[in-house]
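Taking the form predicted on its own, here's one chain by itself in structure tokens.
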């Protein structure tokens, strides 16, 4: 005889061990050391970060304290070489992907701020001088400073060729003028990897450069912090540079080769964003699964109804599929191989999946899911940003199609194929 639950289910009633959807089969694809690392990360975040999360969401507090704690534990250092304070032992991006999934499942806003800081350091690490690595990269990795990667402008989003921020060389410095918006950590970050046009006589992709811009430089203006649909506690900034003098030694890499610097970090960015999206979806799935076991209607748990159980099956399958795509991209990047298409596939699929899974999780919870009694509505709002950040879903789809068609044309040429297959 089934026992009907007569009292409403509160979020505190749920027993939610982190990691329901990381199945044994999925864990098998990681090394024993990587799985141990996941357990370590999960335990720390559960103990140290979870108690902070309510203030981020409820009070719109930037998670600086959480970032500093994470950095002190070394969780900003895995994609970077040991020479400059990193911890990369050949699987640094894979480990950063694990960190992104686990942290995003706990605190999406902290994960987003962490990834922005890490991405700020990638151009400095890959192209910067020893001086820049010592002055800017090490403090980022140690949590002493927050970072931002500064690309998007009012008239230049996916189309970076429309970039209008300019930097004109004058003896030992550059004069920087322009505006940037939708910058994650913008206004909070002390270190900003910033892209600008340095040669307007050529195509912007051949006349772009990257600079380290410091928040305390004269001419640095915070125009606005946007209020967002989700990611409460994030700082999404509108920045303005007015006749800012940027020392020539802050030029990252060679002048006018900034587009190469920009492209270099994208595979890592898209892979770790996919990890974040998986974390959002996984947590929403875990809540919905547990809720379905406790919520009783028509004298049985709603998990017994085919309509709900099929949703659960599809949610789990999509999460697993996204993790496999992202892991493939991470392994390729760690092997120093091109992962442009694979990283785009991972980001496109994972971010779409995350919104779908969070939406279904909310549907399983029904009316209570649309309230703030459960955090599923938060994960739904937070997940939606990831289809835009780091390159929209549409741009990822375009990149995938371009690579596939280019490869098909190449093969047809090699085979001397002139007629349709």
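Residue numbers count along the first chain shown, from 1. Worth saying up front: this structure is predicted, and the values here are computed from it rather than measured.
There is also a form predicted together with a small molecule; it is not shown, and the following applies to it.
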Counting only non-hydrogen atoms, choose the one of 278 to 286, 302 to 310, 82 to 90, 146 to 154 that falls within 4.5 Å of the small molecule in the predicted complex. 146 to 154
The one residue among 359, 392, 55, 39 placing a heavy atom within 4.5 Å of the small molecule in the predicted complex is 392
Sort through 109, 183, 196, 326 and report the residue having a heavy atom within 4.5 Å of the small molecule in the predicted complex. 183
Going by a heavy atom distance of 4.5 Å, is residue 385 a contact of the small molecule in the predicted complex? yes
Determine whether any heavy atom of residue 132 comes within 4.5 Å of a heavy atom of the small molecule in the predicted complex, and answer yes or no. no
Given that the partner is absent here, does residue 256 sit within 4.5 Å of the small molecule in the predicted complex, heavy atoms only? no
Is there a heavy atom of residue 209 lying 4.5 Å or less from a heavy atom of the small molecule in the predicted complex? no
